[in-house]
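This document starts with one chain, in the form predicted alone, laid out as structure tokens.
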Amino acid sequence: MVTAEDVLSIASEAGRIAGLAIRPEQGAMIESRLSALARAEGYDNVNALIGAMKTRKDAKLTGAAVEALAGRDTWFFRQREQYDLILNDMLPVLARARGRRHPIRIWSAGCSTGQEAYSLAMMLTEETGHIGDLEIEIVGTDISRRAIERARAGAYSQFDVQRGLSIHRLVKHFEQSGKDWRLKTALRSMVRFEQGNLLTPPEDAGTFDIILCRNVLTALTPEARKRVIANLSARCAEDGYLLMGEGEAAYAAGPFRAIRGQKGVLTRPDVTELAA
């Protein structure tokens, strides 16, 4: 079992690197999320892994541990009503504003293993009647290298595809690969995945018209939340939208305002139009 001292040690590193808020009573969570890494690195248990992190001062090992702790649960078409809002309201408004001269850019920030970004891609391929020849770019980023590798592979277990996917979508967009289901090449090519830390996003990422950062900030410290919101604001177009998890909208007050009647959907204070 992870000791109280080890919890404090790993919590300090997780907060410094990723802004994660780890509480003293979360030893069991640390044990669960670091077990696989401990085995992969050749340690007998998580205590030995954390001990090595403290004595070796190995930045790569510490980073891998923090990435594992930052992992979050996700599934296809989570908060389904927000996908409908993107398709039926946001994209038409943005298309009118852009005049189809520029692609509409969507960022899945904290994308984990990719289900959110691929859900967007599936929806867009199915709804060409709504969007016509509108060019849309989808980018997914996550702090975890392993999560990004899984997202790029586009392969999911039976358990994964049963969460949020209809049989129709499974058959239409996936091919069976051994025990897993893998997204077809054409759909995988619609999304670009990159490793990235929301505390320090790359300056050359450009701006995005729609940003999804859902169920990410709840795991962060208050100071880290402020930094992430500031960085999201810097990357969000002036007439863009920010979509968050339920109960997270209060974190973004100031740079953004909540859209009345839409849970977790925000825009700039001076943007008034939404309905197409």
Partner chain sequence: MKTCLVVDDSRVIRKVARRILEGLQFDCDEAGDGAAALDKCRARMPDAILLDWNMPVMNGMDFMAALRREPGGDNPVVVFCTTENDMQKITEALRAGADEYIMKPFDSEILQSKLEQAGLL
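Positions refer to the first chain, counted from 1. None of the values given here were measured: they were computed from a predicted structure.
Absent from the display: the form predicted together with its partner chain. The rest refers to it.
The partner is absent here, but in the model of the complex a heavy atom of Val171, alone among Leu134, Val171, Ala153, Ala97, sits within 4.5 Å of its partner chain. With the partner omitted here, the residue from Met123, Leu91, Met190, Val161 that has a non-hydrogen atom within 4.5 angstroms of its partner chain in the model of the complex is Val161. Relative to its partner chain in the model of the complex, residues Ser166, Gln176 and Trp181 are all within 4.5 Å by at least one heavy atom. Note on the interface: of 115 to 123, 153 to 161, 139 to 147, 190 to 198, the segment with non-hydrogen atoms within 4.5 angstroms of its partner chain in the model of the complex is 153 to 161.
Contact check for Arg72: every heavy atom lies farther than 4.5 Å from its partner chain in the model of the complex. The closest heavy atom approach of Arg80 to its partner chain in the model of the complex falls within 4.5 Å.
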